[in-house]
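Only one chain is included here, represented as structure tokens and corresponding to the form predicted on its own.
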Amino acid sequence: MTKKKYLRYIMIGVVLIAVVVGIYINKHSRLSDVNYTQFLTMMNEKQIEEVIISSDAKLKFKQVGDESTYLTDNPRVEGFKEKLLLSGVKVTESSNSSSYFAQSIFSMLLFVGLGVFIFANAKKRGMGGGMMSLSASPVEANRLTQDFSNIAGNVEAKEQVQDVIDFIKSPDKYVKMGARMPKGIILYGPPGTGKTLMAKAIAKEADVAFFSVSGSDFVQLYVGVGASRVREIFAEARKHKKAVIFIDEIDAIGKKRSHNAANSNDEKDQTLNALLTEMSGFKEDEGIVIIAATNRLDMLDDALLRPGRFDRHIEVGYPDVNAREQIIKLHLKNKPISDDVDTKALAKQTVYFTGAMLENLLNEAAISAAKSNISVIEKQDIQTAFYTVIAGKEKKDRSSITQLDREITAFHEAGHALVTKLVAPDNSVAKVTIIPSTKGAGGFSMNIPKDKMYLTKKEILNQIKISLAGRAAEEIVFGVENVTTGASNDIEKASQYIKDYIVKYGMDEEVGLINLGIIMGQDTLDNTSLVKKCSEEMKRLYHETKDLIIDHRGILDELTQALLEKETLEESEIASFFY
């Protein structure tokens, strides 16, 4: 038995003894209480053998021929002792000091034992990831399951880390050439694009230990705790000589520090300073690399991003059509699929899908096939999953939907489809439906743009028109007083486009080639002049959208009628109205 276990058993024994003794004392201190009038009657009848008096509110007494002790009220009157003696009662005076002393000792022993026991366990938890410490248990490379063969797409990102992997494996040859290994790598990009997967693959390929923590693990209420956690994980990594430290969501501790003392956060600043210090303390021949992931590179402190800290900034962005096809094939590799499943067509259909979204899509398709008790995943299962991921499940009970509601939805969605085909003919309108979904949508029009590196000024304006088309169709058909709340999400998208158009991209001719966020500051972008400018542009585009729908009112009515009859129109059916 080890010394630690021996001490632990002693502490447990002390606590148990204290509890038992305390219960025993408490149990035996509970005495029967006798009314004082009854006590006087018993004394007059010579039934009292002994009285134990003290300064307490109660006094103890024994009856003749009875070993039990009883309690009654202490009258605390002068001459009470003399009266007892004259009645032939034995009187004993007691201060109860021994009883109080024993109870105090055992109470103190109980609290000390409990305190030591709790402290020992808290310390033990702290060493292994408790409340005041960081859990940083390494994952060895042979226990990691993902390497670069599990990452489809992201070719450029994989190429940018190959030399880092080689450096970790063989640092000596780089040191001889006077090369310094990058201290850190920042992986940035939208959520779900595979940043964590990339970090694990680097550790697997380099065959080193992998430490994974989240930026929020360092954020604590008490100043200094986060900084100590940073030092802990770096000290643990140094024990392995070669390792990958992965910090997910680093913006939780690495946000730009405020120059205003009133807005600064001492705990976060100290944690960030500790991280910067530890990164600066790495030796050039150490095979340790820090990888951080974030969705907001622009929010990070400049000191983190400078050379010598996080030297490399690698974007892990949305996969293009070829990368999506590779990801789809990767996730279908262990799934039985039907011959009618076209991975290339599915890749074209899933524009702006991340790797995580594609994995979820194919998992939903597998669930759908399993529920249908079929042996393979069919094209219909994938289509069902596709629209489930985008808009939610179809609502089964539609008894509460009135005919007017169906007509409003049909004209609204037909408006989106019509304007899409008119202003963005290269976009694919894959599906239009008026079937409500469990996500609260009354219907939806699936507008899939082509894969492009950039958006032109014309394309942004056309996208705003497409977003406004549903509301415009409602107003044209039912009147301005009868427009509905169904366009709320469309207006939100259009507002974001128009703001970026003016503020971010410098495409507005009147405002010019400036970024208002830089010139005016993010906190002042809600000024009246900017709101007025955005409103004017939105009104102009809305009127153009209405004019476009009015000019093609016949096609709008035909699309609407077809939707009311079939509820759902596929791409080929929609295209037939424009030939």
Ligand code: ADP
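Everything quoted here is computed from the prediction, not taken from an experiment. Throughout, we count residues from 1 along the sequence that is shown.
The same protein has a further form, the form predicted together with this ligand, not shown here; the description that follows concerns it.
Checklist entry - If we take heavy atoms and a 4.5 Å cut-off, which stretch out of 232-240, 202-210, 415-423, 356-364 is in contact with this ligand in the predicted bound form? => result One stretch meets the cut-off, namely 356-364.
Checklist entry - Looking in the predicted bound form, any heavy atom of Ser170 within 4.5 Å of this ligand? => result So Ser170 does not count as contacting this ligand.
Next on the checklist: Under a 4.5 Å heavy atom criterion, is His331 part of the interface with this ligand in the predicted bound form?
Outcome noted: Answer yes; at least one heavy atom of His331 falls within 4.5 Å of this ligand in the predicted bound form.
Checklist entry - Going by a heavy atom distance of 4.5 Å, is Thr343 a contact of this ligand in the predicted bound form? => result No, Thr343 is distant from the partner.
Checklist entry - Quick one: does Thr196 come within 4.5 Å of this ligand in the predicted bound form, counting heavy atoms only? => result Because a heavy atom of Thr196 falls inside 4.5 Å of this ligand in the predicted bound form, the answer is yes.
Checklist entry - Pick from Ile466, Ile250, Ile434, Ile327: which has a non-hydrogen atom within 4.5 Å of this ligand in the predicted bound form? => result When this ligand is considered in the predicted bound form, the option within 4.5 Å is Ile327.
Checklist entry - in the predicted bound form, which of the listed residues (Ser94, Asn150, Thr456, Gln496) lies with a heavy atom within 4.5 Å of this ligand? => result Among Ser94, Asn150, Thr456, Gln496, a heavy atom within 4.5 Å of this ligand in the predicted bound form occurs only for Asn150.
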